[in-house]
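Here we start with a single chain on its own, the form predicted on its own, put down as structure tokens.
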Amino acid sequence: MDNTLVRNSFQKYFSTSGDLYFSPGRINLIGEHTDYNGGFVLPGAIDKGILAEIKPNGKDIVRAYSVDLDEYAEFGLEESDKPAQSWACYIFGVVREIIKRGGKVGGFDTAFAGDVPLGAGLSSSAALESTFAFALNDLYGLGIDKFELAKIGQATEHNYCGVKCGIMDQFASIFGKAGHLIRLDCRSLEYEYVPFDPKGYKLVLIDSVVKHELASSAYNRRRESCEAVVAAIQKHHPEVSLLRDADMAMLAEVKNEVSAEDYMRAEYVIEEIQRLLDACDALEKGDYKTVGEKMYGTHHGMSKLYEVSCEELDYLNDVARECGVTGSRVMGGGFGGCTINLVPEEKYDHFIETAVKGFTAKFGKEPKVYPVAISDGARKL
């Protein structure tokens, strides 16, 4: 993104210049609702994110300006200094989490802006946390490793923003690498880079601009379904502690001991964990056709078994199939948000035009289109 706006704002507010830091948002190619079941996810950092200019100011106060919101905030470094603005709580939370870990930081001035679309499921909040965690670690020479930086972002969400998120978003933002996705084991937190360089394809998100209010309660119910099935399987297989440990044969054994709904939820998760591993094998071979089939398989599972899709997302998925898109699925927790699409370059324009026109005619509002490229993680510019 262009840094002129941030540079000018910083100069205007603080009459000086600082250092520039950037952290990206992320996509997740495949592996949805697998994280809390101990499975794998396959995120990648994207070429959109949060850019901040930062300079220590020698005081015990943080002075922050959000370019996008045109809002200014000031706050101290103590636990009692939590700011009123929700965006400022992300920065405050990062500062506090570093201090709790024994990191010595002082006050600083900052102006920041982002080009991660808000509310599209691309983790703008993780990008914001990662930018400041990475920058403060660098500016104050704290020597915090990358893994701990991701945990600082996650703890900020938990302790200062009221969101009990997993680690994937912050992990992808910090560890991202151009030309690669990250296969992250959500149980052991071991990870490896998987090549992702789809020559002749474009990666694009289509945002349904739908938000369903039921999402959090429905999400909790699905977690409970997974736990209920694990409890049933454990009676026969004590070694199973998460759905990650189970297979379809074990699930079949308890079919009469769990509700039909719980069975369907578990079936989706067990299949999804396997789909992700199959997709990784295909990526190692550069076989994007198989990757695409796995993405469609995920959408089907999320729509019919896990039931977290919606009419708008199913429509976008159907259009993708009709237009010859290689792979398409709902991305994120569901109940609205985006589809992620792997599109042959020669079919791209036709697909976008067809999807936007058809969706607008059917639902009375225009979807948003976000082309993305896989890029590097948090860095100093």
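All values reported here derive from a predicted model rather than from experimental measurement. One rule holds for the numbers: they count along the sequence shown, beginning at 1.
Below, we refer to the form predicted together with a small molecule, which is not included among the displayed structures.
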{"item": "Candidate stretches 27 to 35, 51 to 59, 317 to 325, 352 to 360 - the one whose heavy atoms come within 4.5 Å of the small molecule in the predicted bound form", "value": "27 to 35"}
{"item": "P195: touches the small molecule in the predicted bound form, heavy atom cutoff 4.5 angstroms", "value": "no"}
{"item": "P344 within 4.5 Å of the small molecule in the predicted bound form, heavy atoms", "value": "no"}
{"item": "Any non-hydrogen atom of A232 within 4.5 angstroms of the small molecule in the predicted bound form", "value": "no"}
{"item": "Any non-hydrogen atom of G200 within 4.5 angstroms of the small molecule in the predicted bound form", "value": "no"}
{"item": "M168, V204, I98, C226 - the one with a heavy atom within 4.5 Å of the small molecule in the predicted bound form", "value": "M168"}
